[in-house]
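Only one chain is given next, in structure tokens, and it is the form predicted on its own.
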Amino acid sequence: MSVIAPKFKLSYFIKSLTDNIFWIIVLLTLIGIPIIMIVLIFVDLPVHDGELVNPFLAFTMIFHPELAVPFLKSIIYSDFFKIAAFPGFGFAALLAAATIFAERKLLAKMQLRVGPFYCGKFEGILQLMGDGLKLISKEIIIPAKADKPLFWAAPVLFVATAAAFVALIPVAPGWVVADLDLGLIAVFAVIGFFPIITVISSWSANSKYPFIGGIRALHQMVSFEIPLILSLLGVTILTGTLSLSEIVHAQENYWLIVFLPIGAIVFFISMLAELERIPFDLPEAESEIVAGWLTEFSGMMYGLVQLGSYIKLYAFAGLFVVLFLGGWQGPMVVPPFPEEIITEGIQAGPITVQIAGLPIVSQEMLNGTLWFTLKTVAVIFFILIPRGVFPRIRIDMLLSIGWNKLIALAFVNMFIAVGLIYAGILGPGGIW
């Protein structure tokens, strides 16, 4: 039986086009503009002509080119922007989303599969968006005997803890949400919440598979957090500080991985266990306990846990870059901003347009962000590779690695750091 394709009708096309334009205008008016005004209320606005700009004047400045640049600059340097966009949650979520897609394609290529392919014109690039819409639209099913308040709170707490972890990672000079003098201690304080949240979520589900997975996660995280902490004692000994930004500044001439390779290896292995990545994915062992402590999550609750997991992955990779790979340090590859645009303005025919507030961000910031991002992506790549190469290990082997081998190597790393100090190679008064 032949199927007749519907004919194209110009009237239907115009009607659909006008309908879309109408709804875009309605949504922009009823939702978009109020959101912009609410954001402007909480943003530190600039001073213009000796007076502090109010939110209503700021709204008009957005569409005025000469005034929009200093206004945009004030937004970018505000605390709200740093927390919500860069280098905070937005930047981490963007890299986490790219990591999810890259992992699926990478593992598919390693295993001679296609991977995401149909959703999007290029290599299934829109598959992530499709999965997100699917999770948002799916029904959230809560077990009948679950402790509902804790069950609902666990995914939100997981994402919030991952976001707090991200807030401590410096991306470029001066670009960090929370630049603390005891930043390294704060990192371990935040990491300590993940086992608690995992146990709470698994216990609140009141189901055997999540509970088994939660107990496994607790054993795993506790056994690997000790070598994780000990592996960084060498870093603090050589740099003499607990501030993550100061640790990066201390690596201007060399990367600490050159002198502390054992510490870097111990930290990387412990990081895989903390992230529950293969070969340490026992808390989520699909072939044994369905999905472990994630078994009873559905819909967007599962989506939030996955988002938090990949944000946590980015944060650990960024922490590795900060501690061992020099952070944002790297050769200057970003060209300087043209001086004539900053001081003399843009010559447009007979008219010279003066643009105040340029450059919005410095050359050092752009160059630091570029190097930090490239190094972090490289570390993420090495975190993803074991999933397509190694099998899952047994729980007794996992605990033996954490308590016996890694702790011993962490102490060796610490002795190496002390030896470098006393030999006069590194530290105050050292050769380097």
Partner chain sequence: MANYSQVMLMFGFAVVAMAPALIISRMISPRKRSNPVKFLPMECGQVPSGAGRTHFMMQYYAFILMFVVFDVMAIFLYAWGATLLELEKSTILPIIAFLGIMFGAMAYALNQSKRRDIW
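Keep in mind that what you see is a predicted model, and the values were worked out from it rather than measured. Positions refer to the first chain, counted from 1.
What comes next is about the form predicted in complex with its partner chain, which is not displayed.
Residue 142 is the only one of 98, 361, 265, 142 with a heavy atom lying within 4.5 Å of its partner chain in the predicted bound form. With the partner removed from view, the residue among 72, 334, 218, 126 that has a non-hydrogen atom within 4.5 Å of its partner chain in the predicted bound form turns out to be 218.
At a distance of at most 4.5 angstroms from its partner chain in the predicted bound form, all three residues 79, 182 and 422 contribute at least one non-hydrogen atom. Shown alone here, residue 415 lies within 4.5 Å of its partner chain in the predicted bound form, counting heavy atoms only. Mapping the unseen interface onto this chain, residue 246 falls outside it, with no heavy atom inside 4.5 Å of its partner chain in the predicted bound form.
When contacts are judged by a 4.5 Å heavy atom cut-off, residue 310 does not count as touching its partner chain in the predicted bound form.
In the predicted bound form, no heavy atom of residue 326 sits within 4.5 Å of its partner chain. Residues of 209-231 placing a heavy atom within 4.5 Å of its partner chain in the predicted bound form, in sequence order: 209, 211, 212, 215, 216, 218, 219, 222, 225, 226, 229, 230.
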